Each structure stands twice: as C-alpha cells, then as structure tokens.
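What follows is a single chain, given as structure tokens, in the form predicted on its own.
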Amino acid sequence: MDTLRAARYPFLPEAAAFAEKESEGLEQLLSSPSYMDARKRGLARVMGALENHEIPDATLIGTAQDYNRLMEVLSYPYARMLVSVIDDRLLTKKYALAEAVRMNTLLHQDRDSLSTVAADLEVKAQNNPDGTVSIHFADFLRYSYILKAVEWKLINMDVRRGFVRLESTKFDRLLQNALQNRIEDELPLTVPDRFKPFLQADIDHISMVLAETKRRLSPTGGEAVKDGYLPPCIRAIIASAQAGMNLPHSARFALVSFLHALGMNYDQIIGVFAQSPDFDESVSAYQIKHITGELNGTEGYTPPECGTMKTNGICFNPDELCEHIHHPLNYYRIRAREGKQRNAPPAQPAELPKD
C-alpha cells in the first residue's frame, strides 16, 4: 500500500483501506487521546478552508512518517463530519474548493498519481507521447462549464475522435473541478447523534468564525438594507413593482435574488411586492421561495451580473459608478463603504506631551 499517496489524497479508496487497517474505528477517532492529532488536523483543514481558502501543509515524509500519514488520512473524515454537522452551504463550498485545490497542487509534484486520481474521479482520459492529456469531450464539458474564459470554450480546443487534448496543467484544473463537485455532492454526511458531543467544541469554534466571515462578506456588513445604497437598476425595478407594473420574469428574478443576497428574509422581500395594487400573494410567494431556495432547501440563486442585466433589458438609469463595476452587489458594497466613511467620527487629535 502506498501510504504517502493515501495521505496526499485521502479521498481515494486506498486511504480508506489504510485507515481501516491501522486505526480503531470512528468512535475512537472522535474520543481517544491517541487520535488527538488527527482531530486537530481535521479542524485545521476546515479552518484553513474558511479563513485562507487552502488546506495547510502537513509533514508526510521523514521522522514518524507512518504516524503522520495515518493522522493525515484520519483528519479527512473528521473534517467532513465537522462540515456536515454545521451544514452551511458557504462552508461546504469553501471546504470542497480548498480540498480540490490541494489535490491540484499536489498533482503538480506527483505525476505518478495522476492516472489513479483521474480513475477514482471517473474522468476518462489518456496520456499522450507529447506530454498532453486527452480527456473525453463529455467529461471536458462536465467539468469546464464553470470556467468562463474563452480559452476553455470547446470550439477553441484540439478535439480528436471525441477526446479533447489538453496541457497537463489544464487537465489538473478539470480534475480539481471534479473533486470539488464530488465533495459538494457527498456532503452533508449523516452523523449519528451520539457522535455530536465529541465534535461540539470544534463546531462552536468553526461556527463563530463562519458567522464573522459571513458578516464580512455580506454587502450590508450585517446591517439593515439602506435604500440609498441600492443600484439604479434595482431602485427602478422596485418602483415599477410598487406602481403595479407587470414585471418581466428577468426583473423579478433580479430583484428577489438581489434582495436575498443582501440578507432580506421572505417577509421583507414579499413586502416589496405587497405594495403593488394588484398584488397576488400566492403567485409572489411561490416565485420568491423558488428563487431564494426555500422550496428546495438550498441557498438560492445568485443575482445576475451587470452584463446579464443589460442583455435582459433591465439595466436602468446607470450612473457614473455603474461604468466601473460588473455586478449590482458591488455597487451596494461601494456605496455602503462610502456611507460609513462619511459617517465615521472625526479622528481625535494627538495628545501633546506634557511638560
């Protein structure tokens, strides 16, 4: 068994086999002092993903390498349990991305494991004599759709007999997407209630940092939505809704998803539409709950970018700031930051030294 590969890529079946052979089971992982280092490393995986967008490095070669490799493998299921119990979409996506980026980084230094990792991720590919990798076009499309650069368009690729020929670094990037998708699909795991007390201290710590991260990332900074910071397009759509005009679907979608991204709840959002003279709560309620994800238990849709707003004909009354941004949420962030600067208390003069 290649224990180094198992530690580097703890999602592989051989890592699970290594853990099963050398450890005493899940309950011991959660409770025994013998596995304290695995639990610390598991917490570090999650915190690194949340705070620094990466999984911290670990020592896997040299003194006590067998012990370190086992702790590394065991830290992976521990981290996944933490993320699963918290069950927050932002944390899950950050964690999945960080694990996938770590795999990508390691593959740059470890080409011997490339075919093993690709096979486990069910990516159909083959190495070429010139150092490139050919990936089946279906897998290429499946894992490249989120990459918006023109260079990733299939029309710009070298396609031969149903396979897309890629430089090795680009192939690694697609494997990164494949692992990220897999982890997001797998989580949350079902964690038995009897295990949760062992996880609680780490869960509390992660949850506290997660709440602060969300506050920092929120366009409103955790404060109430202020009308004066709204972009012109959103103000115009709100005015049309309140005047009883029949909004196109694109405008309703943009408005609801934007207000939801600002942190407004269902009652606050439907209150915007309720001011219309021909307000129909049943119709509006379904649309709002669908867009915000309440109907299917997700985080909801992301608001459209400015380019999409323009394409859909709902970019209204752009001002000078609109010329320098690419997303309505950025407009709100900038106006909110300007508002805080205007309202900040004046700096206190330095106190002169006494004689």
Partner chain sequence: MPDRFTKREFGFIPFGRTMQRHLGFTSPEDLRAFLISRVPAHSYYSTAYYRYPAKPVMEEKEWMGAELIFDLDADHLAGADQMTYSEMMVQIRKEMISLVDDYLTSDLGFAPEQVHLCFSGGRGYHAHVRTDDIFTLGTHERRELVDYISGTGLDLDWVFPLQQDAVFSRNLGNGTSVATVHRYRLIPAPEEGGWKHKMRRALGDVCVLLETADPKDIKKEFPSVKGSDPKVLARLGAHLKGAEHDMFARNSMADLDTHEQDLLIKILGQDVAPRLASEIDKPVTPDIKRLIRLPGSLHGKTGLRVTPITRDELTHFDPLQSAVPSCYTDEPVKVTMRRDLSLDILDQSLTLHGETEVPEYAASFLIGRKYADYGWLSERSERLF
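None of these values were measured; they are calculated from a predicted model. Numbering follows the first chain given and starts at 1. In this text, the rigid core denotes the largest set of C-alpha atoms whose superposition between the two forms falls within 1.5 Å.
We do not show the form predicted together with the partner chain, though everything after this point is about it.
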Assert contact residue (the partner chain, in the model of the complex, non-hydrogen atom within 4.5 Å, options 119, 245, 90, 141) equals 141
Quick one: of 214, 136, 235, 182, which gets a non-hydrogen atom within 4.5 angstroms of the partner chain in the model of the complex? 136
With the partner chain left out here, work out from 97-105, 69-77, 157-165, 256-264 which stretch has heavy atoms within 4.5 Å of it in the model of the complex. 157-165
Site check 124, 145 and 153: each within 4.5 Å of the partner chain in the model of the complex by heavy atom: yes
Within 12-27, which residues come within 4.5 Å of the partner chain in the model of the complex, counting heavy atoms only? none
Superpose on the rigid core, then tell me if the C-alpha of residue 286 is displaced by 2 angstroms or more between this form and the one not shown. yes
